Structure formats: structure tokens, C-alpha cells
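Presented below, as C-alpha cells, is a lone chain in the form predicted on its own.
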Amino acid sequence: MLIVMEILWAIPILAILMSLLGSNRVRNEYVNLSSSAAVFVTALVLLVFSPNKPQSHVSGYILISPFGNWVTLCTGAVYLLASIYSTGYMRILNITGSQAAKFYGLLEGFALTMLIVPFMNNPGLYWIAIDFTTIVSAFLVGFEREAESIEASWKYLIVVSSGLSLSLLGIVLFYWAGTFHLGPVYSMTWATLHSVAGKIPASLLLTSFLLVLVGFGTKAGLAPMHTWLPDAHSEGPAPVSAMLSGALLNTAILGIVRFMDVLDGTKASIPAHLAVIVLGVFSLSIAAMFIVRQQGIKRLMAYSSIEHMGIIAIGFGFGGVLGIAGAMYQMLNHSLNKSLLFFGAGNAMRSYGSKEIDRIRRVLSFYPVTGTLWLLGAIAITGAPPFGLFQSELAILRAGIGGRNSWAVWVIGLLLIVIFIGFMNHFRSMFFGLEPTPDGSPTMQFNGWLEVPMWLSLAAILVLGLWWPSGMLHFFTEAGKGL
């Protein structure tokens, strides 16, 4: 499996080198497509054939675990979908030559950084890998070089870097706490911290965890540290928005969950789980308020991402087999579903020439195929059956019923109803509003590159909603034992 992981990293590295060595757009398109397809297949192989228990390699610096492999699969799936869509999107923008080479090189670099993160067994190295994802993706957010996108890129860098500084302080405190029992110098891995956590004062453990939670919660887009996310997701190119929402946020959630797992079995575990649930509920509350009154189409999708990161955090906060299974299933379903929505939003923005919801009207009349795919994706993202998010959200709600934090179940249910009404009301106006399109009828025609990834995403979330493989619950159960 270590060799498979090395292949997983080698694929985008080779693609980056090939992108930088030539400026032929078509060549770079197919290099990127080949890279993303190979990454997805390799991630799938890693998930299917890896042992059920975590295994460390390279003197304990590398960790191959079911949970990490699951996050890797989410990244690989979104990378493949975004690469297909990028081919058509870059042609619409008429990006050629060195600019196209830079875009594809950055996209491959962004994928590489996210593929490294889940395998870091040292929390310090995990922090460094997360920081690299920020640096590379910031260039992609500001790629179109408009005033709004450059501002969003700088805001992203400043806010996330501030949050990551707090998480670094939390990691230092974790290490310092371990020195009282392991000596001044020791190999800090997730397993080492877990083994010594029971001997550390609960107040010190909880303080360290709260710093980590706020820091990596900033990167994950949990409220109230979410302020960078609506700008970055709305101003970056559509395939980049899909990568940010569908893949990047999962890598930050992974760090929170692993630190929470370190505290399990200690006196700090109960307040730590409560803190994660409270942040998750607050994220849903913020998302509900902003979704109802939203005016920008991609900002609407961004606040939906905040909602779903909150749901994922709540699932892990509830814990147990159902909580972990629901949260992990939510990660994959959200990755696929949000990619579909951002692709639809990108198509609508380019065809109508606007990011404003009020300027997008009668979508089905002008684009029956793309419009239908986008509308079905909108229904699915609200957690409606028969799509995958219905299954995962139902599992999370069931995990909370009768538990210590069952109050959250009722709050979540109410907020999900508000979000459903608000979200679908925007799509009602864009699809079924009778008023004429403000700027006249759109005439842009979409090529297959822009529609194929939407079909793939929709098919996947439909299958995941109707069919849960028999071995999936067993996998989630085993993954929960070694996060």
C-alpha cells in the first residue's frame, strides 16, 4: 500500500512537470485529464485493498488508514470531475498558451497537496501540508485577476493563515503536554498522543483541542470562522470552487476529527464533542440566515458548503457507529453534489453573463439538459430523497437521538427545513419565474465537457442514495476505530 500511495503522489507531480514544460492547451488538457483519472483509480485501489486497521510507515511519518483513504477518494473524485469540467470551461474563457499551462499546473499542484494531507502521521507535518493547500489554492482563487477575485484571494490567505496560527499553537501545547510523560523529545504521532492523553490534565487537553478546533475549523469553513469561504468560493473559477468545496474542506475536517479521537477516553472528551457539535449547529444557523436572503448564485453554493461542513462536524461530534458512518458518507455525497452545483452555477454565470440570482431566469427554457441536471442537484443538496445526502443526514440524526446532545437533533431538523425552503425558493425564481430575463435571452451553447461531469455527479449521488453497499457499514465501523 505504501507503493500505491507513492504512485498516487507521483501522478500529479509528473503532470505538473509536463504542464510546465509545454504551453500547448490541448496537450495540457489531456495531461490533466489523464492525471485526474489515474489519481481516482489509484485512490479507489488504496481504499479497497488497504487493511482495515491503520498502518504507519517510513519511521512513523506516514499513516495509511481507512479514514484517510476515504478522504483521499473524495479528493480524487472531485479532481476528476473538475478536470473534465475545466477542459470545457477554459475553452469558454479562451484561456490558451502559458496561462492555460499555469492553470492546469496549479490545479494539479492543488490536488497533490490535498492528496498528501491524509497520510501525515505527525500533526506538525499535517499542519504544514494543510498550509501548502492554502498557498496553492490562493493562486487559483485569484486566477481570473479581477479585482473581486484578487481581494477574495488575499482575504482567504489572511483569515485562514490566522486560523492556522491558532491551530499551530494548539499542536505545540499538545506536544508540550506529552513531554511531562514522554520526555523532552519524542515522536509525536496521532497514536502517541492518544496513548498519553489520559495522563494529561483535562484542562490542558481541552485548551489545546479548542485552539486546534478554531484553527482547522477556520480552514473547514465552520462558523463563525467562515468569513473567507463565501468570497473565495464565489470568485474563483467554477472548477476551482468545486475543488475548494468538495475536496479541500474535508482535509481540514480530518484534522479536527483526529485530534478529537486523541481525546476520546479522557475527561476532556465530552466537552470536546460538545464544542464540535455547537460549532456545527452554529454553522447551520449562519448558513440558514444567509441562504434565505442570498443574491449571488455562487455565494449561495458557498453558504450551502458551510451548512454541510456543520452537518459533518455534528455527525463526528455525536460519534458512535451511526454518527461516524453518516459523517463519512456525508463527506463523499457532499463532494459529488457540490461539484454538480458549482458546475451548473458556472454554466449559468457564463451564459447569462451575471453572478446575480435576479438576472438568471427561465433556465429550463433555454438549457433543458443542463438546467434539469442543475435543478436535480439543488434538490439533492437540501437532503431530499432519493439522493445520497438524505441517507447520510438521516444516519446523523439517528445517531443523535437519545444521546447526550439530543437537543441538537431538533435544532438541526428545524434549520434543515428553513434551508430547504430558502434554497429551493431561489431555484424556483431562476427556473420557473415568469418575468423576462433582464439582459435578453442567453445564446451560449454548452459543449459535452461542461455537461458530462454533471451527469456523472448526478448518477453517483443517485446510486449512493438508492444503494448502500453491504460492506459499507462494516467499513465505516472499522474506520471509526482508527481515525
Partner chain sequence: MLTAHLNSLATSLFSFLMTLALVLSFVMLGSHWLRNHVLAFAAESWVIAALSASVAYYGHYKELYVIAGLTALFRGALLPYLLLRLVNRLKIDREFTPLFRPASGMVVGAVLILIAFALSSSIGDKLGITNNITLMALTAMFGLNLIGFLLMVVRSEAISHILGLLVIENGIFLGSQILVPGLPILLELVILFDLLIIVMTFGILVRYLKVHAGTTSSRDLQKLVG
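Positions refer to the first chain, counted from 1. Everything quoted here is computed from the prediction, not taken from an experiment.
Although not depicted, the form predicted in complex with the partner chain is the subject of the following passage.
J.: So, a 4.5 angstroms cut-off on heavy atom distances: do all three of 162, 179 and 201 pass it with respect to the partner chain in the model of the complex?
T.: Affirmative, all three are within 4.5 Å.
J.: So in the model of the complex, does residue 356 come within 4.5 Å of the partner chain, heavy atom to heavy atom?
T.: The answer is no: residue 356 has no heavy atom within 4.5 Å of the partner chain.
J.: With a cut-off of 4.5 Å between heavy atoms, is residue 108 one of the residues that contacts the partner chain in the model of the complex?
T.: Residue 108 lies outside the contact set for the partner chain.
J.: Does any part of residue 157 reach within 4.5 Å of the partner chain in the model of the complex? Heavy atoms only, please.
T.: Close contact exists here: in the model of the complex, residue 157 approaches the partner chain to within 4.5 Å, heavy atoms only.
J.: I'd like to know whether residue 185 contacts the partner chain in the model of the complex, with contact meaning heavy atoms within 4.5 angstroms.
T.: Yes, residue 185 sits close enough to the partner chain in the model of the complex that at least one of its heavy atoms falls within 4.5 Å.
J.: Report the residue, out of 273, 361, 299, 258, that has at least one non-hydrogen atom within 4.5 angstroms of the partner chain in the model of the complex.
T.: Here the answer is residue option 299.
J.: Only one of 175, 366, 282, 390 gets a heavy atom within 4.5 Å of the partner chain in the model of the complex. Which one?
T.: Contact with the partner chain in the model of the complex is made by 175 alone.
J.: When the partner chain is placed as it is in the model of the complex, which of 315 to 323, 335 to 343, 165 to 173, 392 to 400 ends up with heavy atoms within 4.5 Å of it?
T.: Flagged stretch: 165 to 173.
J.: Using a 4.5 Å cut-off on heavy atoms, what residues in 280 to 297 are near the partner chain in the model of the complex?
T.: Residues within 4.5 Å: 290, 294.
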